[in-house]
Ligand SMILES: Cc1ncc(COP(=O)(O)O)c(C=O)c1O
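As structure tokens, one chain now follows by itself in the form predicted alone.
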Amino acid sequence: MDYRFTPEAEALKPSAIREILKLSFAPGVIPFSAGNPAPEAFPAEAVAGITAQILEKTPIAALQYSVTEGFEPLREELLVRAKAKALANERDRILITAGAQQVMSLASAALAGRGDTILCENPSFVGAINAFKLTGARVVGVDMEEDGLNLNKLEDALRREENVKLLYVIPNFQNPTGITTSEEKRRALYRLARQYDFLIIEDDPYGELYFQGAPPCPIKSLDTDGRVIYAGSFSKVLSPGLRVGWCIADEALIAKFTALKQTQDVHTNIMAQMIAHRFLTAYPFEEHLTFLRKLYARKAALCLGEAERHLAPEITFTRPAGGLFAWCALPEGYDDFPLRALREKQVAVVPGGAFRVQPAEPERCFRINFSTPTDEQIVRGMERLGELKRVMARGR
């Protein structure tokens, strides 16, 4: 049968990252391309105990249908914590979502369509880019600097593009670059949102994973007129497999997002929500976060130290203050990204073009992840990247 897909679905291609991830888990491959939490980061024993308690004491509540807004005790706890951090005011509400990515899907479906424009960082998280494209809106990337979006280019885009409805940003330890947006630029983004009348989606899956001091105040904490949509997640601090995220936004937005979510999945996995709530309230959650910060600080220091040893100065890289990623750039003059050569050396990284709204030619950048590989793999992987650097230098 000749299937006729919508133009938006037809344009959507399989993620290059997913294809590269298949290589990542092959025997002997150094998985710098993955974005998973470290295996030792999972509190598996605690989750096993929580699950047993839930099924023993409240099995029907865990196995039955539930409300779309989410498990009420979890929403209440998250709202209390959000208000303590100035992330929510009296008009804000919380919706529990199937991971933070669903927030992008709901927000763009509700607020942007054909004829509208969504701006985002360039490069940016490919899952969000694809979710935005499915609405039929025009998605436009804005280049970044060392401290966040290039404000001059952002304002140029705001003047040039028609019907800008949303700006999507990952201000803390951005995926893929590891960049943290400065406090000055956070305030500027909110000021521009008011001036040009658009909404901001603040995606913050990595904000708790800092290891050089807490990041600047969230953009949502500046929000006085309901134009910031905050996306949070348990994926990087508890488990991505649970698929539990949340959205904090004005009550009118949450009401519309809830109606849309009812058409997608009725509600987020209730058992997973109950596990997240129990872990948040009955276990030493802050101690767990401290453990994660120390773990990723050590792995980042190892990875960046080896990068300094084997890659610098020809291959440059960001030095993130938290999160899971660093962004590398080959020297000027390389026209083709050496993906085949990397595969031959059994090193998997993600070429930068996978994170761009419109892939650039030539592409000299790539993302590395330091949470998934073991310490031994990090050392061997950087040695192999250093060998590649020398081979490339001889071939110029």
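Because the structure is predicted, anything quoted here is derived from the model rather than measured. One rule holds for the numbers: they count along the sequence shown, beginning at 1.
Beyond what is shown, the protein has a form predicted in complex with the ligand; the following relates to that form.
Novice: Let me know the one among His310, Arg243, Arg227, Lys165 whose heavy atoms come within 4.5 Å of the ligand in the predicted complex, would you?
Specialist: By the 4.5 Å criterion, the partner-contacting residue is Arg243.
Novice: Work out which of Gly148, Pro320, Pro205, Pro218 lies within 4.5 Å of the ligand in the predicted complex, going by heavy atoms.
Specialist: Contact with the ligand in the predicted complex is made by Pro205 alone.
Novice: So, in the predicted complex, is Ser233 in contact with the ligand at a 4.5 angstroms heavy atom limit?
Specialist: It does: once the ligand is placed as it appears in the predicted complex, Ser233 has a heavy atom within 4.5 Å of it.
Novice: Does Thr135 reach the ligand in the predicted complex if we count a contact as any heavy atom within 4.5 Å?
Specialist: Thr135: no, not in contact with the ligand in the predicted complex.
Novice: Given that the partner is absent here, does Phe257 sit within 4.5 Å of the ligand in the predicted complex, heavy atoms only?
Specialist: Heavy-atom contact with the ligand at 4.5 Å: absent for Phe257.
Novice: Could you confirm whether Phe125 comes within 4.5 Å of the ligand in the predicted complex, counting heavy atoms only?
Specialist: Heavy-atom contact with the ligand at 4.5 Å: present for Phe125.
Novice: Counting any heavy atom within 4.5 Å as contact, can you tell me which stretch out of 138 to 146, 92 to 100, 266 to 274, 108 to 116 lines the ligand in the predicted complex?
Specialist: After filtering at 4.5 Å, what remains is 92 to 100.
Novice: Can you name the residues of 175 to 189 that have a non-hydrogen atom within 4.5 angstroms of the ligand in the predicted complex?
Specialist: The stretch 175 to 189, when checked against the ligand in the predicted complex, contributes only Asn175 at the 4.5 Å heavy-atom cut-off.
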